[in-house]
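In structure tokens, the next block holds one chain alone, the form predicted alone.
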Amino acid sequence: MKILLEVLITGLLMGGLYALISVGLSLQYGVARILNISHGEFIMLGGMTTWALYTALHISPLLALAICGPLALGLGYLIHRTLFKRLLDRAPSFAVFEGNSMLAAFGLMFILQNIALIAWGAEIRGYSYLSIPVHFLGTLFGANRLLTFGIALAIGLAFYLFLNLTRTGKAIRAAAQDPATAGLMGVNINNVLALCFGLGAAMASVAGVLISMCYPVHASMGLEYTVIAIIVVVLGGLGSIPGSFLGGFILGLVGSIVTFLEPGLALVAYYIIFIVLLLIRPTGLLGR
């Protein structure tokens, strides 16, 4: 029972990070209609920047959250306004834009990855932060893992309230449902789409900061997290923010159980879930 409890809690802790990672991608695809293959590179940039700030300047990772998040938001906003908006303006339909934007995101992935390789090299980096053991429900966990779970949950809840209670959040939801009608109602669609892409990049970067507090990071780590984010988004339902949270926790539990049984098969289990979902329920758990 103790081992089972440890495996379940580990899955929930990892699921919190998966949920935060996937909410950003869900926002980018659900509203901006961009399947951002470079999503994981923003996670990598957040993690590597936090490592550099902590090891070189002794800046706390908690302070790095306030640095990396806004920087990624501005970078994502700028990328959409300069790259994806041009593709959208020239595309004859949203279907053509989705294909073109995915190809552009592939190029962006390699650009960001190679910039990171030049800046930090290919070595695996890591640091120790709040790694003291904490007794929790009869098991031992690092304080950093419990802290990252709490931060991820708080950010997710704050974002959900932002979408439902603020005027900007309502504009985002309107643009997701019907961008043409939302534009007729006075919503600045171009600004909303760029903001959604920037918010998705910011959430990915924040998740990268949290990941670096618990696990080693390196310049080529992005693609693995992009795959995980896509699987979670499909599992929860494309464009569904609550579905992304639910899918993140489910995938975290599955990954923890499979890792306990056979560590090398976790990613294989994720792909199996992805394929089965596409065959049985392509709309996901909460998708429509």
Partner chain sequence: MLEIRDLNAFYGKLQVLWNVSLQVREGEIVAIVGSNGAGKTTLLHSILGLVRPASGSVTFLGRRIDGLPSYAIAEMGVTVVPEGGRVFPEMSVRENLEMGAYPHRAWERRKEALKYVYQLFPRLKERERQLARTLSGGERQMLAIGRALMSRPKLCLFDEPSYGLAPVMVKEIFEIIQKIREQGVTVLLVEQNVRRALEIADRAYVLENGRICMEGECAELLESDHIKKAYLGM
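Values in this document were obtained by computation on a predicted structure and should not be read as measured data. Numbering follows the first chain given and starts at 1.
If you look for the form predicted in complex with its partner chain, you will not find it shown, but the lines that follow are about it.
The stretch in contact with its partner chain in the predicted complex, judged by heavy atoms within 4.5 Å, is 174-182, chosen from 67-75, 107-115, 174-182, 83-91. The partner is absent here, but in the predicted complex a heavy atom of N188, alone among N188, T139, S131, N100, sits within 4.5 Å of its partner chain.
In the predicted complex, its partner chain sits beyond 4.5 Å of every heavy atom of R125. When its partner chain is considered in the predicted complex, H135 lies well away from it, no heavy atom lying within 4.5 Å. In the predicted complex, N164 is the single residue of 143-164 with at least one heavy atom within 4.5 Å of its partner chain.
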